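Each of two forms of one protein chain follows alone as structure tokens, named structure 1 and structure 2.
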Structure 1
């Protein structure tokens, strides 16, 4: 703490303040003042299906430009079809066996993928909290499936929070990342997303993902799959709702 004291005293000196007098944030309430987001939150919750579908269209359009492969599924069963097709057709990159790792999330569990592969050499893993072998299983997997909390239409971003049973590496180590996103979790832009995030700011880790991993470091030539997944598949779960 001694280092911090002298460091901040130096900063105060540079600012022309008394070096030894610690300044308290309560003296400057406006410094951390955050705008009122009640209206924004109301707007997000009050969106009609038509409005949400417009956001989906925008998301898919913007995602397309970022090389995100998107699918719309009207039911969990349809979503599972997409996932199964990907598992069947894509080939592992780092080994020869098909391991799939997925977050411990009710929507992913509801896909009931284990019912689809009883006669195929596909191994499914779920990132149950406290399983000490998760990292090894993730490294071995060629597909990682997550269900992000928020989708942002304007920047084609999914926001993945780190929570128990939902570790960071599921969307990072496998060659393919499948993100299962509920239509009602899509917001228009980052302003709306941050309004939601402010309620989650206690988390020690979260990540915005806007496309597959990429690099253009060699002669500005765009290559997908630098360190993270080389493909990002977005499945928007849009179950039909009868509008009033």
Structure 2
């Protein structure tokens, strides 16, 4: 603690401030002032369907370079078809049982996946906040399904907020991550994403995901899945709407 105090005092001296005067919101209002995001938010809310489709195109193009497998669905039924096909065709890496963990989210619930595997050996789990077995179910699952809050076209990033019933482990532990993202939740860049995030009254933690886990630490060979999912499948839900 003494070293930290001394370090901060040296920084204040270097900045021409009194060594023992700590910065606060009252004494340095401009330093702590939040940026004005009014125009940015107005731009986001005022986008037409055509402009949103352009952002989708940019996102998919940039995502392709990051090894993101992208799918566009015009309805929840089409999105469910994509998810079902992935579950049926992909095989678990470490066992023979297919477990799938899903966030407690209305869009994912609307897929009604429980109705698609009546006669197949597929076990579906939902991350209900009061379920004390979430950790064990997540470890057993080879696919995790989430509904990210924001998508960033410029960097092909999905932003997953940690909330009750929506732990970050769902997008980090399973071998395959399926992200269901609504078209209207895609923004142009990180500046717009942060403007939306500043509106949240409480943020526990965030996960910024740009493609599957990858590393080239060993002899500069690219390896996927070393520190997380080896595949990221993005489903953009672009339901037909009237041009606004």
Partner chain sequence: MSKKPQSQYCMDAKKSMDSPRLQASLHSLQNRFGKGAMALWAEMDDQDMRRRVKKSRMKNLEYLDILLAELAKNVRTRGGHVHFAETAQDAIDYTLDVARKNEVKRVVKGKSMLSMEIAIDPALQEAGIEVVETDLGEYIIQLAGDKPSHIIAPCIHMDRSRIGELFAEKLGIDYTDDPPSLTAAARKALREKLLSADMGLTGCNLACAATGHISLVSNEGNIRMSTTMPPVHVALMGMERIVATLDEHRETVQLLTRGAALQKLSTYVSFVGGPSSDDDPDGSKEFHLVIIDNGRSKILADPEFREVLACIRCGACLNICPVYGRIGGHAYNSPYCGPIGAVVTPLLDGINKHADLCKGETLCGACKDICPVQIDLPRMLAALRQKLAYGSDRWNTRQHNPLEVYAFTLWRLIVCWSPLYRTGLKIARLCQRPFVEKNRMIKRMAGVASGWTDGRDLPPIAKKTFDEIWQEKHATPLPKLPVATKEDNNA
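Residue numbers count along the first chain shown, from 1. Between two forms, the rigid core is the largest collection of C-alphas that superpose within 1.5 Å. Please read all numbers here as calculations on a predicted model, not as lab measurements.
As summarised for this chain, the first structure is the form predicted in complex with its partner chain, and the second is not. Once both forms are fitted on their core, a CA shift of 2 Å or more is seen for residue 12 between structures 1 and 2.
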